[in-house]
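What follows is a single chain, given as structure tokens, in the form predicted alone.
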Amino acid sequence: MAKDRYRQFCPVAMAAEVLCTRWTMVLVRELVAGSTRFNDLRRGVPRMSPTLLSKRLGELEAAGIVRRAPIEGEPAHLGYELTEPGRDLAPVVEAVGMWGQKWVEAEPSLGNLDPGLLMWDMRRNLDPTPMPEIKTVIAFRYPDQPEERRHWWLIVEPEAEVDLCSIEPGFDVDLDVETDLRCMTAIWMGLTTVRKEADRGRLALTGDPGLARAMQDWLGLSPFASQEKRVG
């Protein structure tokens, strides 16, 4: 990191030395969002190599931002958790995300489509409150994607983490969602809504009518979706 130092006493420059290396802020976003296992962090930053992920985690650990700790419920396995300085980065991540949602043009964002990352974020932010208190399975199909990335399932059970599958889980499906990946990503980003895209014929919902009607409420939107876009 020495060659990247700004050599300024300014706190912004000093913080940038730690946080502005490639992928670091995106990794911090994942940690702030609650990912603790190495494999979960990889799913949140799928284009980051495992080698670089390990390196950045080591740098964050050396900077006192993360530490190794037993995973909750799995004391024999170590994961990564934010320290107090790391937790203080939560409003920084939120502010950067809100700024990007407000001022960065949507078209470049919608050019970076990734069904695995989208479904991972939807799984994490899904709100089961509007759903029935029984196991609920929602299948997503993206016909515009290659076969191996086309089918995804969200499995929601009371008092359990939402599960994401890319292989047929073998359960009855309560709601089928069929759309193209760009449309679903735009909904997730808050650039459009389920109802608008259904009315336009770009989103088809088949199955439980109650689940279909409540989709906008239970769908795991981006945490920045509430920020109004101010550019084209």
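Predicted, not measured: the structure shown is a model, and the values here were computed from it. Numbering starts at 1 and follows the sequence shown.
The form predicted together with the DNA is left out here; the points below concern that form.
With the cut-off set at 4.5 Å between non-hydrogen atoms, does Pro50 touch the DNA in the predicted bound form?
Yes - in the predicted bound form, heavy atoms of Pro50 and the DNA come within 4.5 Å of each other.
Is Phe38 near the DNA? Define near as a heavy atom within 4.5 Å, in the predicted bound form.
Residue-level check for Phe38: yes, a contact with the DNA.
Is Arg68 near the DNA? Define near as a heavy atom within 4.5 Å, in the predicted bound form.
The answer is yes: Arg68 has a heavy atom within 4.5 Å of the DNA.
Decide whether Ser166 counts as a contact residue for the DNA in the predicted bound form under a heavy atom distance cut-off of 4.5 Å.
Taking the distances in the predicted bound form, the answer for Ser166 is no, it never comes within 4.5 Å of the DNA.
Give me the residue from Arg87, Arg150, His77, Lys102 that has a heavy atom within 4.5 Å of the DNA in the predicted bound form.
Of the candidates Arg87, Arg150, His77, Lys102, His77 is the one lying within 4.5 Å of the DNA in the predicted bound form.
Since the chain is shown here on its own, which stretch among 193-201, 27-35, 52-60, 171-179 would lie within 4.5 Å of the DNA in the predicted bound form, judged by heavy atoms?
It is 52-60 that comes within 4.5 Å of the partner.
Neighbours of the DNA in the predicted bound form among 11-30 [non-hydrogen atom within 4.5 angstroms]:
Arg22, Trp23, in sequence order.
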